[in-house]
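Below you'll find only one chain, the form predicted alone, shown as structure tokens.
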């Protein structure tokens, strides 16, 4: 199936691309690795003006959504430019709060605990009313940890809130000391449970929905990231000469690049198909199919980029190395390909 964005959606993506193209994200990532958070926060403020997170928040809560295709379009560009920070985590937190705050009913906003919504968790209404408008405006970043992930919060030092879902409880956390990561643009923090913000069976259900949105956003990032890796590798293969010929003219190199293109072109419609499945019973299956395909496609793009460029691609001074490392980190973020393939099989067995 072929998915074509409409004019407004294309304009949204192109606007973000132009904004990020001049933002110097490699420098922002290196500043982040050096422990300087302000360049990342400055970039987030610029993204806030472009309305990156508004599609993740319902109109009734101050956003423009839910607009899952627009959200995927935004995250494709965020991945393409390797923007650091708890991006998918903030989108997932918006979905969690939407469910808990009663904004996900077909009739619009409902009161927390109403039968018209999917909430009912004690303490959720005020939390959603406080945080959803801030997420929509881009003035709040949330690092959200969901089961069954290892309790490490991404970029807790950049986030305005760090939350953990523990069974039927949504809790604030107390972050520990930062742990190093393969990706210099990512920092992981061990967390322990703090103040309980909301509790009840609805928390567990909302966390499942939030996990799907986080995985979808991550899949979109991976497709954008893979596209950037492929573009850079094709350009390098055309410029680099061996034996008097561009290395891109050699059949072995052509085949590797073609394989990456096919994988990315297969993953992209799966991501958009999952976005269109938002709100349907097929969403978990479609999100897992998209995340598995996008993870493998971006990882193949990273491996090919490294092989075509040679050792220069992994040096700290070469910008492409930042994208290669991000591909490895995002491959297993929000569930590994094996986890998601198993989930697809489970969904198919139940249908």
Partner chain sequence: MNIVVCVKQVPDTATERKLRSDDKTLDRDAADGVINELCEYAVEEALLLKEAHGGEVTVLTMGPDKASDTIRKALAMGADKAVHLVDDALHGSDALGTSHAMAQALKKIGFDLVILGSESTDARTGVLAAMLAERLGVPQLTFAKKVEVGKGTITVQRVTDYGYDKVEASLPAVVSVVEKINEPRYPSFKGIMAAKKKPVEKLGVADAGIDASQVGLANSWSEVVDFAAAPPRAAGTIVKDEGDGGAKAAEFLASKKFV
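Numbering follows the first chain given and starts at 1. If you're wondering where the values come from, they're calculated on a predicted model, not measured in any experiment.
The protein also exists as the form predicted in complex with the partner chain; that form is not presented, and the subsequent description refers to it.
Participant: Within 4.5 Å, heavy atoms only, which of 54, 313, 292, 40 is in contact with the partner chain in the model of the complex?
Facilitator: None of the other options qualify; the answer is 54.
Participant: Though the partner chain is not shown, can you say which of 322, 306, 64, 283 has a heavy atom within 4.5 Å of it in the model of the complex?
Facilitator: Selected residue: 64.
Participant: Using heavy atoms and a 4.5 Å limit, would one call residue 7 a contact residue for the partner chain in the model of the complex?
Facilitator: Looking in the model of the complex, residue contacts with the partner chain include residue 7, since a heavy atom lies within 4.5 Å.
Participant: Please determine whether residue 342 contacts the partner chain in the model of the complex, using a 4.5 Å cut-off between heavy atoms.
Facilitator: The answer is no: residue 342 has no heavy atom within 4.5 Å of the partner chain.
Participant: If we define contact as a non-hydrogen atom of the residue within 4.5 angstroms of the partner, is residue 49 a contact of the partner chain in the model of the complex?
Facilitator: Yes, residue 49 lies within 4.5 Å of the partner chain in the model of the complex.
Participant: Classify residue 19 as contacting or not contacting the partner chain in the model of the complex by the rule of any non-hydrogen atom within 4.5 angstroms, answering yes or no.
Facilitator: Heavy-atom contact with the partner chain at 4.5 Å: present for residue 19.
Participant: Looking at 55-63, 313-321, 31-39, 295-303, which stretch has residues with any non-hydrogen atom within 4.5 Å of the partner chain in the model of the complex?
Facilitator: Flagged stretch: 55-63.
Participant: Pull the contact list for 10-33: residues with a heavy atom within 4.5 Å of the partner chain in the model of the complex, in sequence order.
Facilitator: Sequence-ordered list: 11, 12, 15, 18, 19.
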